[in-house]
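Two separate entries follow, structure 1 and structure 2, each one form of the same protein chain as structure tokens.
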Structure 1
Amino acid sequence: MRSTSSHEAVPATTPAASLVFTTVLSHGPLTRTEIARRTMLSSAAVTKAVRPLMEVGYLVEDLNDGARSALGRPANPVRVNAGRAFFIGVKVTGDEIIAVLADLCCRIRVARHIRLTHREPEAVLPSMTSLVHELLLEAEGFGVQVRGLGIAVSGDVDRADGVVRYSPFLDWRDVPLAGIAETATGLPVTVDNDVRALTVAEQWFGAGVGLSDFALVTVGAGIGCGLVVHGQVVSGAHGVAGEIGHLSIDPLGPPCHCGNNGCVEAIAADPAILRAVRKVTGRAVTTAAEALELARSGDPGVREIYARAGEAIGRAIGAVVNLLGPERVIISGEGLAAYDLFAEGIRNAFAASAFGTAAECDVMTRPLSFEEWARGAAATAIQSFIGSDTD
């Protein structure tokens, strides 16, 4: 976690306090008894964690006419005071910057978009800084201070050092993004891979709430995967984990930008599909919408391209389920627009690949807008703020 000591942090200075806060954040309102049951902490430890968080207003008690537990303790539920602090989340794509102002419960209050004409850091960073300052002014209108900035970028991102080591869609290498953004905005900054950031949001506020083990697979411009194992988002020993897009499932397949052949991303990502469609049809197809129109009009060659893409995704999901045994796999990303064309290939390949009872894994789709990816960046800022990024 990167932050500067001059900024206030939530007083979750112990693992127990951080655990209590994140439990209430995801599952609240909860009584102290329910918190103890979910966290497996003693009642005394819960009380010790809750009291200072209430004193500074991050947790509040929902009064319930003096209700008492069986042991005579107050049974009023405790919840997070969402308006106590705001956070800014930024998602940088190859074409635009999306920024959101979110409250402490990661609900989006304001969203801003700006198109990018150039992808060099020298062009992107001033635009990003301008959006952040706009949202800081919005926060002033709410009378709430912004406590952190989260930035989500595709590719190999070192969260601990705040460095974008390599982002293929932006063509960035070794950009010290957190340090630059901290200097420009005056905020504590968390920089993470965009799929991991979205996974944090799903773990705390979305389809992963309450699950100890799940995977988030994203399809679209790339093929990504966020992993949660034993309640922790996996970042890997070297900051790279879950890169199912670079599983080589066909050594004789098309070349991938990573240097290998037949990667899932080289078969099923939007750019790969467009290349294949152009080759099969001879048409100058430049957008996913054009390719979808051809497929849905019944072009057999284009439909076969999508079927093959679905098969590649299904085999990749089968590999994840066989290796980690998650309770659920969530499929999301802008590529879900083609899910009707992918679905059968995904189902069949997953069923063929999954071993034994691994096939019982719940595989679901969850359409999410790019604003939700920016919300994921805000979630990482909240995570850093409350001191729970301990993986």
Structure 2
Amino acid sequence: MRSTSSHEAVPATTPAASLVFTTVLSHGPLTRTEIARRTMLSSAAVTKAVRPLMEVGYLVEDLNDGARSALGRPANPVRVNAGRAFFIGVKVTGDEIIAVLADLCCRIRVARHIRLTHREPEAVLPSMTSLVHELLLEAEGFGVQVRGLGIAVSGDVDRADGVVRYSPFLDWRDVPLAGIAETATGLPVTVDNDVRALTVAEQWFGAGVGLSDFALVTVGAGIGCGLVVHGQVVSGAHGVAGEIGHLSIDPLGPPCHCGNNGCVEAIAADPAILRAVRKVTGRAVTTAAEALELARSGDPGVREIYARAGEAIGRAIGAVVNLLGPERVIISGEGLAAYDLFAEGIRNAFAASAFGTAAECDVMTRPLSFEEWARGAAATAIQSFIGSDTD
């Protein structure tokens, strides 16, 4: 395990302080009494935890107390000072690096991206480093210090060691990315799987706030799934988890690169849809946008392909819900652009496959800009910075 403790002081020193800070971070401005209620701490403990955090500027009093309560001394809400620290999040894909500068509340301040021509670590790392340096310069312009760098990579990533064990898209094996990036940038680095990073962002700053069990399903070039169980992101004993894309839905379905037939990814991921659209229409459709346009223009064959894809996704979600019984499933990803075409299939297939009360699970969608992946990486950096674990 790498030592990240050699870096600057983290805002939360005691468990209680960490708990208080993450609570305020996720649940917006809160009065001290409210914090005490949520964290199950005494109000005295909250005061003691808040003070040092305010002294170093991570928390500030929220003076905007428009709605005065009826009686008694007015409450003094506290919120996180978003501009107190910045973080950089980087998402590395096979042909692009996306980087964002995010504040302490994980709001994107600046976004940059560059295309990649080569995928070897030796080619990617310098590009990444220069992109990070650009953003460091931007941060300097804001007069805010960057306190951490998060890097999201698809595949089998060991966050504890900061090593990319195997990334199929990048064709990387056992790359000690955190160590390399740390020496190149001088920042504390957190490396994590891309879907898990996105899940962390949802857990702390998105639709997963306050939930101890939820799933995030990403639809796009691949089908991924991030899981939060008992308030913690699931990583899997062997680095693999949430591999919803290779749930085999139909033994007679199209072959998947994993060797099986009818995997969700072989039916509902962008490449699979494009392949099917080409086959049905005979046209050389190469982008998801083109396929989408064909479907929207009313082509029944193409619409059917999307309907099937929606069904596959719905069944996959049903499997997750039956197995884990999460409170909520968040559907996201670039593929969400076609959600109107998926929706019915997802809804019906989910309703059919969800067993008993599991059907009560709230299935929602959440649009995802391409920068969001990098924001997820920033969220992991914030998480490491605070040095705590769960909600």
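The term rigid core refers to the most C-alpha atoms you can superpose between the two forms while keeping them within 1.5 Å. Counting starts at 1 and follows the sequence of structure 1. This is a predicted model, so every value here is computed, not measured.
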Structure identified as the form predicted alone: 1
Domain motion between the two structures, two rigid parts; among 289, 238, 55, 369 the one sitting at the hinge is 369
What turn in degrees does the smaller rigid part make against its larger partner between the two structures? 12
If I align on the rigid core, how far apart are the two C-alpha positions of residue 349 between the two structures? Answer in Å. 2.6
